[in-house]
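Consider the single chain below, provided in structure tokens and representing the form predicted alone.
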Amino acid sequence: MTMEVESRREVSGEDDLARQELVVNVGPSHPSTHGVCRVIVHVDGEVVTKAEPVIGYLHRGIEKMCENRTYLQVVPLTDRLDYVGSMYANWAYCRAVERLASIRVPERAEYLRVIVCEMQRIASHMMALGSSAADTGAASMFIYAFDERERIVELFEELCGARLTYNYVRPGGVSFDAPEGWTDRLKDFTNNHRTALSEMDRLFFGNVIARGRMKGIGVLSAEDAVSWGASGPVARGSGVNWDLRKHDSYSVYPRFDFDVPTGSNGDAYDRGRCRLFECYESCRIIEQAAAQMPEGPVKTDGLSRLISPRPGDAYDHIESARGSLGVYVVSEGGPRPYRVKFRSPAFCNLALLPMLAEGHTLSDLVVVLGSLDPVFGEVDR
């Protein structure tokens, strides 16, 4: 071996070992890669020359399974897609079914859907911010964020009895009305959450170490964000002012006053801070929705459990915590969908990783991956 190395040095006239490329497997291990993600990383020293995400470790064939379930039985399957944002997948699927079957949703149910999905946005962003902070060594921020997430999970448990996979939003409405006093406890949460957000902003985003680890890392231009189909905080962190709640509004969102936070640098820092400021806006929406919510039923009366839409197809999309979540449903007129397809924002955003990680160090790769906030139940399906 020594003779071969010396021979190569004589031919090339330089030390090949000093610039030898090394291939490293990162993952698939949870939670260090934000889910069961494997990244094949080529490094020159500590600098990433190529990063190749390998997905499929959580593939369960959910889209195919939908073809063998009734429309109502599909709802629990959607919980298993974005499992830290289950309410969103419930709602996106139900909106597509309601569009296909011309189902009218009671007004109170629409308000409850908005409230629980904005709560889910906060819970998801707390998961994203806490785990991304831990990637930089900020364990305190992880604890702060998960404490806030726990408060939302407790409210969800009061509402529907579940803490992770809720099966709450159903075609034609929601499964349960809010219990007595629940909206008062929700208002207490939003008041306290604003204070917690300010503390987290100072603790983490105001910290010189976090700024050094995140600023200028994984810079994504607005043009590339649009070209690659990025959405959510990943695109808005690059200055792309696009939010389906505002720009392709649905449900009762037009009745609420809220802003769309955007960044300017398109780096990991801006993407994380966008998530933080979106939590402020979610608090505003929740409070307005709770104040405006009328009395009335939360389910469509007389809706059969065996929903059989007319033959045809329908597509609907909503703004999830990760971006534009779309659902395409095809009906042949029977009680089961012929085809169901999910448009995953996490999948589209993850495709940016090879471009964003190149030229950074291996430790920066983890920061870039966390800033994309992928959930692999939704990526792999």
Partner chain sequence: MNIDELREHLCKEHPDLCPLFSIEFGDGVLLVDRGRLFDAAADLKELGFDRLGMVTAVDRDEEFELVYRLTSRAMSCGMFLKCRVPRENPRGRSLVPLWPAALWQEREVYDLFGIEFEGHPDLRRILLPEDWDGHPLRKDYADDRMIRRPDYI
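Positions refer to the first chain, counted from 1. In this text the structure is predicted, and so the values were computed from the model without any measurement.
The discussion below concerns the form predicted together with the partner chain, not included here.
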item	value
Interface residue in the predicted bound form among Leu100, Cys274, Met200, Ala109, criterion: non-hydrogen atom within 4.5 angstroms of the partner chain	Leu100
Distance check, Ala321 to the partner chain in the predicted bound form, heavy atom within 4.5 Å	no
The partner chain contact in the predicted bound form: Gln73, any heavy atom under 4.5 Å	yes
In the predicted bound form, Asp188 touching the partner chain (heavy atom, 4.5 Å)	no
Thr195, heavy atom within 4.5 angstroms of the partner chain in the predicted bound form	no
Output flag, Ser175, Glu295 and Lys299 jointly within 4.5 Å of the partner chain in the predicted bound form, heavy atom basis	no
Which of 283-291, 244-252, 265-273, 213-221 lines the interface with the partner chain in the predicted bound form (heavy atom within 4.5 Å)	244-252
Contacts with the partner chain in the predicted bound form - residues in 51-76 whose heavy atoms fall within 4.5 Å	Glu52, Pro53, Ile55, Gly56, His59, Glu63, Lys64, Glu67, Asn68, Arg69, Thr70, Gln73
